[in-house]
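First, one chain by itself in structure tokens, the form predicted on its own.
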């Protein structure tokens, strides 16, 4: 059996690595920037962060569909990369208007880039190739090498030097990722090209479909900015889109033969369940940023580490370390017949997250008298949370490419990210439960702020454990529906 990965995987690895440097480097700054520089109150900051995160992961549903039907993966990736680079540059402009417009460009660009580079990885392997889960683990490591460097460097530059320099640094690396892909794309040969010849057809007799897609994307920008100003409307919008997306997948499934139908339905169930994982996990980009700044002892050998950099470096750094382990673990278990099924891995992800948040809670309980939990406990909690991430995120990407009919892989990848979006949106609402009253923030007393975090951290742990147990009960049914797919 061939155990080597194709060289094209490493092209996509480095492209995604630099793109994620920019994306997570910028995201590391958002909540702290809104609270400390724009003087938004915490509930508003959490709401806008949730809206941004939700829209970032909603747009791939549309970008994946447009790539399937018209653009192909390659054009979608390049267009998305250009839009994201523009967004980072706009964020670096120190003007009031630039904040929401910069985020709007990034949201649209991510919609084209994110699902299609993941789908392109899937084209390098056959469905039952045992290297596939391993490949997505390696690809996921590339994501997190970039995220670790981005969170560390952009977080430091933004917090310690200048916020807009931090945004600008993210833009430089987005351009680098785009250049890597453009230079290396010829090695992909036919992979990622459009599946149809519709791209050059004209609409209304004068504008090509390709150009119309680009034009309509620009028209969406002011709509997104409006949503930021009326973020409360997203509650209804997300609910409607969730219902529509499920209804559409059920409609597609109804037209498939029996085995393909149940494969798609099993994928849909796991996609929907993943929503709750991201609602818990994505506290790292919101509430845990402020928790780290207020209630984690950042002193090491007499030096005080910058809290934003540490919090945004830890998750992807653990992913980099654990990706190597899990990339080797799955094939090793597979050879011995011990590898958990995909739904089994999903169940383990929730159990690990429960352990991680319970670690944070125990550290809080042990630190009530002085208000600062040890950095070691903070690092340890993240270890378990990231073990959970390794059981769901790269596995979920691989699952979509294995269980979806080939003509809707991009759309299903987009729906997977859309339910991540719902999770991100819920993460903002969960984070808002940890909002600290203004008088306590002004008092800058960690003893007073710690209980606000401890209670919600415990609740997250309990709910995550409960969902994990529920999925374990569903594993036999889902495995049956997946047929020959693990």
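Residue numbers count along the first chain shown, from 1. Values in this document were obtained by computation on a predicted structure and should not be read as measured data.
The discussion below concerns the form predicted together with glutamine (GLN), not included here.
- Only one of 181-189, 69-77, 137-145, 252-260 places residue heavy atoms within 4.5 angstroms of glutamine (GLN) in the model of the complex, namely 137-145.
- For the candidate set 278, 313, 382, 173, a heavy atom within 4.5 Å of glutamine (GLN) in the model of the complex is found for exactly one residue, namely 278.
- This chain is drawn without glutamine (GLN); in the model of the complex, the residue among 323, 393, 266, 245 with a heavy atom within 4.5 Å of it is 393.
- Using a 4.5 Å cutoff between non-hydrogen atoms, residue 417 counts as a contact of glutamine (GLN) in the model of the complex.
- Contact check for residue 18: every heavy atom lies farther than 4.5 Å from glutamine (GLN) in the model of the complex.
- Proximity of residue 57 to glutamine (GLN) in the model of the complex falls within the 4.5 Å heavy atom cutoff.
- When glutamine (GLN) is considered in the model of the complex, residue 13 lies well away from it, no heavy atom lying within 4.5 Å.
- Within 4.5 angstroms of glutamine (GLN) in the model of the complex, the stretch 315-341 places no non-hydrogen atom at all.
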